[in-house]
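As a starting point, one isolated chain is supplied in C-alpha cells, in the form predicted alone.
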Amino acid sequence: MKKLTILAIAVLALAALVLTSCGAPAKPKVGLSFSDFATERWPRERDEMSKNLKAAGYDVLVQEANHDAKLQNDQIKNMVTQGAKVIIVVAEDGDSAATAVDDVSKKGVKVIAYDRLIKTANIAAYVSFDNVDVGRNQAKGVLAVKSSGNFVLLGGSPTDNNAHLFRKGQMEILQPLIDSGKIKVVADQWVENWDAANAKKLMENILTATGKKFDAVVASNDGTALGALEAMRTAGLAGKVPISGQDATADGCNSIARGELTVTILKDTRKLTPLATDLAIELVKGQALTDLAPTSLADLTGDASKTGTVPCKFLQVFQVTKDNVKQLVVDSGFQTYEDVYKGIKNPPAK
C-alpha cells in the first residue's frame, strides 16, 4: 500500500509538471500585413484590428512592409510559419501579393484583402469601399467649383488597384466634358507609393511645364493633394485652384477648414475594420462567410484576362466639403474638433 501511495503521488507530480510546462492551450493566430504605416489611416486600423482580435481571444501577428512588395510576400509566408490561420492584408502591390496568397492558400491559410484588392481568386474575401464612387465624388467636388478649363490629374500609386478604380470614377464624370472641349487635361501623373513628397515634386514640375496655367486638380487622396498644395502655395495658387483628396484625414480636413483643399472623401473605417476582423474570426472557426457578393476579377481590375470571382463587400463613401466637414467628420467623431480646426480663426462652435 505504501508503495502504491508513493507511485500515485509520483504520477500526480509528473502530471502537474507536464501541465505547468505546457501551459494553457495556444490561442489561434491571425496575421495583419500592412503595406506601410506612413499613411495616416493604417496605424489606426492596425490598432483597432488588434484590439478586436485580442478581445475575442486571438493572438495577433503584425508586420509592415515599408512599401516593399517582396518583403511583404516574405512576411506573409513567415506568418504562416508562425501559425497564422488567417491573414488580413493591405497589399503594397496587388499583383505581387497574389503570388504569396496563391502559395499560402495551398496550406489552408485564408487571406482577406483589406481595402486594396489582391488579384487572385484564392483570396477568401475582399472588403473595401465603393472605390469607383470615390473617384466620381472627387471629380464632382472639383467641378462644383470649376467646371471648365485646364485640369491636372494626380493619380495614386500605380501598383494599387484602388488608384485605377478611383481614376475610373473620375473619368466617368470628366470624360464627357473633355470630349466636349470644356476641359483640357494639361498634366496627368501617378504618384508612387501615394507619397506626399513625390506629389510635391510632380506638382513643381507641372507648375513649370504649364507656366502655372491650370484651373483645377483632381488628386486621388489627401496625402498627394497636400503634397501638391505645398508646391501650389509657393506659386500662390493654394486656395485659388480647387483640388480634391480622399480619406478625410486630420490634416486634410484642417486644409478644408482653411479653404485650401476643396473636397475629401470620407471612408468610415470604423465600419470596415470590425467587418474584416469578424470575417477573420469566422474563417478561423471554419464558418461560411455571409453577406458577401461574388464579383469577377475581370470587373474588379478592368482586365478581361483575369478569371474567377471573389467574395466582396463594399461600403458607402461620403463627400466632405467646408460646408459639411463639422457634421460628417467632427460631430461623428471620425476626427477631433481640435485637429480639424487647429489654427482656424473663428471656428464654428463645438
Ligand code: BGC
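In this text, residue numbers run from 1 along the sequence as written. Predicted, not measured: the structure shown is a model, and the values here were computed from it.
The discussion below concerns the form predicted in complex with beta-D-glucopyranose, not included here.
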- Message: For the interface check, one of 161 to 169, 178 to 186, 233 to 241, 252 to 260 should have non-hydrogen atoms within 4.5 Å of beta-D-glucopyranose in the predicted bound form; which one?
- Response: 161 to 169
- Item | 4.5 Å heavy atom contact, T264 to beta-D-glucopyranose in the predicted bound form | no
- Query: So, in the predicted bound form, is F151 in contact with beta-D-glucopyranose at a 4.5 angstroms heavy atom limit?
  - Reply: no
- So in the predicted bound form, does any heavy atom of R41 sit within 4.5 Å of beta-D-glucopyranose? yes
- Does D247 make contact with beta-D-glucopyranose in the predicted bound form, using a 4.5 Å heavy atom cut-off? yes
- Task: May I ask you to choose, among R116, K119, K200, K85, the residue with a heavy atom within 4.5 Å of beta-D-glucopyranose in the predicted bound form?
- Result: R116
- Does any residue in 197 to 221 get within 4.5 Å of beta-D-glucopyranose in the predicted bound form, counting heavy atoms only, and if so which ones? N221
